[in-house]
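The chain below stands alone and is given in structure tokens; this is the form predicted alone.
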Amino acid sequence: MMAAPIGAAALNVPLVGRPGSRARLETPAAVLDLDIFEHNLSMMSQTCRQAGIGFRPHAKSHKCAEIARRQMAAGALGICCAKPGELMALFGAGIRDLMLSAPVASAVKIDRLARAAAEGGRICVVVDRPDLITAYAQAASRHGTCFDVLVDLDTGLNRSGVADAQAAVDLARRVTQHASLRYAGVQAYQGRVQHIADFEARRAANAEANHVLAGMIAALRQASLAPDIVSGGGTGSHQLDAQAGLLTEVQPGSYVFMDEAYNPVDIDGRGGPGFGPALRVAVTVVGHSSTGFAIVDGGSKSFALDGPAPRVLLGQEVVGRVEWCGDEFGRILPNAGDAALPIGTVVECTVPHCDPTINLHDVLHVVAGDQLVALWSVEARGRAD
């Protein structure tokens, strides 16, 4: 059940279901265009189904249990999480098939994951060192449960995972020695590939990473440790990964929302991202600067700024871009020849980077057509633990 909303979200509750309410939102407000969201959800599901590859979408992009439920209903194998806190927030909201896609070092967090597994969660974890295997095994045994385990492989990201095939074999073998662990396969995430804009350049970079991955899989097979699951990839590489035939499942995250960082990426070789900008931030023109620019009530406390400047939409029309002028405010740089928007105008802005932007908001304002139709909690907002 959604907690009682506060702030602008509480003020927007009476607008749910009212005609024209989309243009009357109290702001700043994170907005989810339901039609675009459902298109993105369906497109990923159909692409993976037709290619014969599974998908385990990443919640780091949305942090929202209702979105996770809809991803599962669309055929997702489960939900990936970046941090234990994120995973536990979604578990607390009723999501049961969860994978922690990064290693941890906290005995307390490992114990909490084991308790979640004992309480009915199907929890999958990744390991990149022997002591982490031991810690997971002891925690699972202590709580009378079992973890599925993937060996984390580094195919070029240089963040986590082992880069040596023999090290991967050694870790997989260690996992099989514990009754409270089930060796399920490997993870090989290549994040640096995802945002390469040119399709052929991205294909080449992905092929380079896959060459490394193929060697590690071959070594595991030779050691009678063939992985059932080979998990990795993301929004930018999911079609290439499906074609390559090495991964059994992909971990796309941004596809549900999209952002300006992904906008120039030619995902399918046809010139564009394919997925639409479902996530926006609604802001209101609260004044005009001395130089005539419209000033809006959203700055770095409403948008993550690590990406290209947002487009500003009035209805379906792009009327300019936002330039930041403080933590609380932005200015609209209008299209050439356009006048500044009137004070009180509510506009929607695309976002520079969806993952950290949603982390600034407690609630998603779900809109369809000209109406606010629902409010969804962002349960894992702020759970960087």
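Since this is a predicted model, take the numbers as computed values, not measurements. Start at 1 with the first residue shown and count on from there.
There is also a form predicted in complex with a small molecule; it is not shown, and the following applies to it.
With a 4.5 Å cutoff on heavy atoms, residue 234 counts as touching the small molecule in the predicted complex. Of the heavy atoms in residue 293, none are within 4.5 Å of the small molecule in the predicted complex. Taking the partner from the other structure, the small molecule in the predicted complex has no heavy atom within 4.5 Å of any heavy atom of residue 275.
Residue 183 falls outside the set of residues with a heavy atom inside 4.5 Å of the small molecule in the predicted complex. For the residues 136, 91, 303, 189, the 4.5 Å heavy atom test against the small molecule in the predicted complex is passed only by 189. Only one of 307, 121, 253, 78 comes within 4.5 Å of the small molecule in the predicted complex through a heavy atom, and that residue is 253. Judged by heavy atoms within 4.5 Å of the small molecule in the predicted complex, the contact stretch among the candidates 277-285, 170-178, 245-253, 113-121 is 245-253. Looking at the small molecule in the predicted complex, residues 101, 194 and 262 each place a heavy atom within 4.5 Å of it.
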